[in-house]
Each structure stands twice: as structure tokens, then as C-alpha cells.
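Okay, here we've got a single chain as C-alpha cells, the form predicted alone, with questions on binding and movement later.
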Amino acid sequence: MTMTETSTSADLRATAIELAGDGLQLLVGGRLVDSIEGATLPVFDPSTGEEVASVPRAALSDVDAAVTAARAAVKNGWGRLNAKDREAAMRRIAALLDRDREQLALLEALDTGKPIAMSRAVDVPLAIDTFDYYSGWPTKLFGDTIPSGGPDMHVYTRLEPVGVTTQIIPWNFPIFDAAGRIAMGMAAGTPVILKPAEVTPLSAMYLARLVAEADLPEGVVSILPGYGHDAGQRLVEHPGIDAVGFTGSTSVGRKLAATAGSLLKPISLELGGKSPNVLFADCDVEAAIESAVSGIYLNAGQVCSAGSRLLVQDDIYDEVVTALAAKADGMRVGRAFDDGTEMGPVVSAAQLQKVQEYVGYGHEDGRVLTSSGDLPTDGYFAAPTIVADLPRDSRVITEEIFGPVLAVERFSTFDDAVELANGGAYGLASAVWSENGRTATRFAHALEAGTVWVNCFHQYDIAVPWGGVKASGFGRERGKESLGHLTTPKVVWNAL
């Protein structure tokens, strides 16, 4: 694990800090502005723990201004705008993202702590792909003609924009989530007010510049980084907001769902996960182990669908645990801009404390098979951790940690594996590994999850719907299913 910062990595970090301090602003109704009340957010580099910037923060008055602009966009017919014009607007944003992909990657790495190689190869390209994908939808959203009411009646449906939506996103994939929520709204003809997480505002605020440059009609997109307890809560409660989308913790999702329900607002929730990754004895063990490692340590385990539970059949349990521990100990943990970093820090001091608490539970309940290693001495670094031989009620198994901690569980039979995998509160994603197609398919069908991977893990595509069941929420992001949340069918009975 390297602790040495090369001159190249120092230069990259310095450039990122310069970008972060270069007058980033809120986007309100198409205009880049500072907070009306002068509120600000501190920005910390998780790789060092240092405060590297201060940016404007949305307060309640900024929320009200954004909602007023969005309501005006509805009144002025944004949703009725020629579909090809909406498509062209999204393609302009995609081109601007492509033009400034390096600046976005640098800000994403600085803000989240993820390796610069990942933000360059994964996060920013996915954001560009998202606008490209949704730019094809405005001309394909249409209703149906229904043969009903007799020959003198023409009955048909229209898919109409739901109104104004607020989309509240988390801190683990800021630019990708921001792109997805904005592009969904633009495709549906629904003005979007995006609230990025207060912990990671930078890439979304840079995106605000690009959206402003794309010259959209006033009020179509606003971007308001701020705290959940004031700006976020105000957005959900505001009478000018018609629909809500939220990705984040299950506890916050429950509160927002209660608020939205009391106001009869539709809400889509993508919440926590504790995804079981199930290895049958007849699987390709080497491939399964490699996938399990990336499944839990991608983005330092800060992925809703991280394979944080590994269920292994008796016959291969010891072999798998030994191999996993060796791979975890050999992983290169380092700062975001260091050469060769495989896993960066977690996002904040609070998140690091949470991870450390759960590692403590692992020591109490089972066997912690990895050491802290040669971690950097500053920043928010947690070691890749394997915990084995846990009782089934251990908090390391039942609760979402959102960090690089893998709980390995033993099972004997097919039915035992089903019971274990479905026994938790969550249902976002799962995986099964078996060379027996019948076993794998039966198990996939038995799992209670929004997504099941068979002999693979962490497969995603913008065109494929994403979401969970049980405590992992409801509604879907991505794919055509995501647009159902932002459109509503109107039925027209036309007497001829």
C-alpha cells in the first residue's frame, strides 16, 4: 500500500483544488448564482481530511426561487416543447460533459476520494452515456389508442409530464446520479430541481455550469447543493413540487416517504442494501473470488449494491475465506490521485467512524482475518476487511455498513442458502454462482431482490431498470421504467 504522493499526483490534486475554488455556484432557474442568504458549504478532501474549498449552499429562500422558476417553466410549456428540441438539448449537455470530462473526473476524485482512474473510466463516461441514452426518449413517449366505447367513440391516452420534480441524490456517485436525474426529467418534459449531497457538491456544481451553457429554457433545471434537514426537507414539502425521487439511507427514505405520502406526492426511493453474493460449490471458484473482491471493495464499499454478504457452501468455504483474506491484504489502498491506488478512503470522518464500529462488532462476533496494513496516516482510510464465522444475528450481517467490510457466511443446502439470502431486511441486489444452469436459475427466481446477477456481479447499463424491494425501496431508476415516475397517463374520450 503506497503512501508516497508523486509529483504527477500532486499536480492533479492541485488542479482539482483550483477547479473547486473557481467560483462554483448554484443553478437557479437557468442562472448561476450565489446563495441568497450567503450560506456556504465546506468541502473536504477525504484523502487528507483537509478542507480544500467553500462553495455556496442552498437555503430555504433558494429553494423557493428554484420552485418558482420551475413552475414558470411548466406554465410556459416546457413539457409541450417539440420532442426533438428536448432531445437536442440533452445532446448539447452530453457534448459539454465530454468536452470537460477531465475537469469533472478531477473534481469527483477530490470530492469523494475515489481513485482518479475510476472517476475517469467509470463515473464521467457513465454520466455522458446517461444523457446520450435519455436523449432518445422524448420522441418515444406516447400513449395508446384503446378500442372501447363503440364506433362513435375515440378513446386514447396521453403521457403527460407529472409537473415539477425534486431529485435528491447521495454522495457515492455524484456526477452519475446527477446526470441520471436531470436527464430523466428532461426526457419526460418535467422541470428538475436537483439536490446533491452536502458532502460531495463539486461535480454537480460544475455540471450546473454546463447546463447553463447549454442554454435551456428558464426554470427547466436547478441544482441546489445543501443540507437534507433544511433544503431537502423544504423541497419535499413544498407545494410547488409534484413528485420526489430520493436515493440514500433507508432511515431517511422512510421519513421522506411519510412526508410525501401525507401530501399525496408520488415518490421513488432507492435505499440501502445488504446484497448477498452466493457461491455454490460447483461454481468457478477463481472467477467468483475475483468478483467478490471487486463486489465489496469497489468505491471502498460505498455502493448500495455492494456484495457485503458472501454466502459460501461448506465444501469450498475454507478455500474461499483464505483466498479472500490474501487478496484483501494485498490491495493497494491510497489517496485518490496516487498512482496505482485500487481503493481510496471513505467519504468522511463520520463514515470512517461507522466502519470502525462495525469492524469492532466483527471482532466481538467472529474472526477478522485482515489487518489494518500500511494505511496512509491522514485522511479517512479504512482497511479492506474480511469477517468470517459470524452468528446469523450479527450486526455485521444484518445492517448496512457502507464500507469495505465483507461478512462471509457458511451454508449447506440450496434451501439453507435461500433462507439466508432472503432473511435480511433489504432487497436491492443479489448474485448466485453455479455452473449448474438449473441451480442458478432456480436460485435467481427464489431471491427477493430488484436485480439478480448470475455468475457475475456489478453489471449495470443505463437502459436496464434499477431499484429494490423490501427495505431497499420502490420505484426504478434507469431504463424506460424510470420515466413512469415522471409521467402520468391522461385518458381522452372523444365522441365522434
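Note that residue numbering follows the sequence shown and begins at 1. As the structure is a computational prediction, the values presented were derived from the model and not from experiment.
Quick note: we don't show the form predicted in complex with nicotinamide-adenine-dinucleotide, though the next part is all about it.
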Inset, instruction - Report whether the minimum heavy atom distance between Phe402 and nicotinamide-adenine-dinucleotide in the model of the complex is within 4.5 Å. - result: yes
Legend entry - Contact flag, Gly379 vs nicotinamide-adenine-dinucleotide in the model of the complex, heavy atom cut 4.5 Å: no
Inset, instruction - Determine whether any heavy atom of Gly228 comes within 4.5 Å of a heavy atom of nicotinamide-adenine-dinucleotide in the model of the complex, and answer yes or no. - result: yes
Inset, instruction - With heavy atoms only and a cut-off of 4.5 Å, decide whether Ala105 touches nicotinamide-adenine-dinucleotide in the model of the complex. - result: no
Inset, instruction - Name the residue from Asp365, Glu198, Asp129, Asp242 that puts a heavy atom within 4.5 Å of nicotinamide-adenine-dinucleotide in the model of the complex. - result: Glu198
Legend entry - Single option in Ser249, Asn82, Asn76, Thr413 placed near nicotinamide-adenine-dinucleotide in the model of the complex, where near means a heavy atom within 4.5 Å: Ser249
Legend entry - Per-stretch contact check against nicotinamide-adenine-dinucleotide in the model of the complex, the hit in 219 to 227, 86 to 94, 413 to 421, 324 to 332 (non-hydrogen atom, 4.5 angstroms): 219 to 227
Legend entry - in the model of the complex: members of 253 to 268 within 4.5 Å of nicotinamide-adenine-dinucleotide, any heavy atom: Lys255, Leu256
